[in-house]
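Shown below, as structure tokens, is a lone chain in the form predicted on its own; questions about how it binds or moves come after it.
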Amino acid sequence: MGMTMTQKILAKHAGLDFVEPGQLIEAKLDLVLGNDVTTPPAIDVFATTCACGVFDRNKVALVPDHFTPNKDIKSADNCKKIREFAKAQGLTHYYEIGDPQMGVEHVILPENGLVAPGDAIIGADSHTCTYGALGAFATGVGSTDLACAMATGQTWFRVPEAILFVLKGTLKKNITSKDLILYIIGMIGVDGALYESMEFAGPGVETLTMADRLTICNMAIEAGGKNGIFPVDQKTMDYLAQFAPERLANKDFTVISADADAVYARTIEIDLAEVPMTVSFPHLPENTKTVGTFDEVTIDQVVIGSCTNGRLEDLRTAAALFKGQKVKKGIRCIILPGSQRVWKEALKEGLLEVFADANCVVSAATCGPCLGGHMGILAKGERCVSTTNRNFVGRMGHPESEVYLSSVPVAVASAIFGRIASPEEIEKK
């Protein structure tokens, strides 16, 4: 009996020839991640371990991104605590304001060359599963597990079963990978892949960019998935050549493929050409509807960015649609680049000017409103169309506000028309 991609990566890092679903293992880690919300309590736990220091100062990455630039005294204290810990431990990968490589953790780690095929990565943030786009096993953990992993360089896992998503065809015009992952979540539900690996394969994979794959894996957790993972192909190698040239040159990674006789809990085939333009209504990502099939939904705010859709490709898409258009009067549209690198390139390409001309506001690279932190909190009764990944009750502010998850094209159209709209309406306009 063969193994899935996830099983093979976990087996390798556990020093075993074979692992099976449900098996408890202890695996060595290639990277351990924390942010400004989860790291402060982890530091307290770390202090009780009697560890002389972190297991490897080159394999612990700390990224203050949720409440930065600091919104209040508490967030400033948390970031100071992380900053002092990173300095005391001599961490190589600490990214905050003032560092040209700073930004939202799940955007900058791949951009900074810290993720490669075959890696085993944990992060004290649920969207750590993003890195499966590069053929790595990556999953979220709690602060206590983060602390222990910083000390030992390893952690325990229960080997997950896997769902195989076989993709074929090509996405239609104005349909994006965000529509695809929302469509999948709507299909299987928020617990449809509970503690399972969501593994993608099929000829449709090659039609998806790395940004597409990062978006899809980012939201695996929204279906309850333990991780999401894509096979390694030429697009993966090209991405490494751009962002991790040293690892590529040194062959500091392992390309792992699923065995032909790997066993999956189930297989789901998806024709990309049939994926509809999808929006998730409040208050769960599974509450999906196809654009054009529901009554008018007026809105107050649009957010474009985050670790889901804050990459350069996303901003290029947004700018192309915003060019020559204006945000509807009375609507607030906030653009959040995923990293300082993305922000700078967007400036160089003139994208930020397009956003400003359209009456959008461009933020620093931060999580900001995604988790109801800052830079766009919703008041009672307000509605927001957002390219972020969650729309739980109170996620972006008041518990009686509403968040509608969408792709970048739908978000732009919604900002222009002041209601949930299709990008085709911009073309007609």
Partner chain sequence: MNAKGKVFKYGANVDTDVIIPARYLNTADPKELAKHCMEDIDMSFVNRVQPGDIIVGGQNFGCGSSREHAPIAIKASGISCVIAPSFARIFYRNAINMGLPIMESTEASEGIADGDEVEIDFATGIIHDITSGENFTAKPFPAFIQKIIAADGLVGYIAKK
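Residue numbers count along the first chain shown, from 1. If you're wondering where the values come from, they're calculated on a predicted model, not measured in any experiment.
This protein has a second form, the form predicted in complex with its partner chain, left out of what is shown; the following refers to that one.
Undergrad: Which of these stretches, 366-374, 57-65, 379-387, 43-51, has heavy atoms within 4.5 Å of its partner chain in the predicted bound form?
TA: It is 43-51 that comes within 4.5 Å of the partner.
Undergrad: Within 4.5 Å of its partner chain in the predicted bound form, heavy atoms considered, which of 101, 144, 254, 170?
TA: The residue in contact is 144.
Undergrad: So which of 158, 266, 74, 283 reaches within 4.5 angstroms of its partner chain in the predicted bound form, heavy atom to heavy atom?
TA: Partner contact (heavy atom, 4.5 Å) among the options: 158.
Undergrad: Is residue 113 one of the residues lying within 4.5 Å of its partner chain in the predicted bound form, judged by heavy atom distances?
TA: So residue 113 does not count as contacting its partner chain.
Undergrad: Classify residue 195 as contacting or not contacting its partner chain in the predicted bound form by the rule of any non-hydrogen atom within 4.5 angstroms, answering yes or no.
TA: Residue 195: yes, in contact with its partner chain in the predicted bound form.
Undergrad: So in the predicted bound form, does residue 152 come within 4.5 Å of its partner chain, heavy atom to heavy atom?
TA: Residue 152: contacts its partner chain in the predicted bound form.
Undergrad: Should residue 25 be counted as a contact of its partner chain in the predicted bound form, where contact means heavy atoms within 4.5 Å?
TA: Output for residue 25 is yes: heavy atoms within 4.5 Å of its partner chain.
Undergrad: Each of 204, 211 and 311 near its partner chain in the predicted bound form, meaning some heavy atom within 4.5 Å?
TA: So, no: the whole triplet misses its partner chain.
Undergrad: Who in 225-259 is close to its partner chain in the predicted bound form, meaning a heavy atom within 4.5 Å?
TA: The one in contact is 226.
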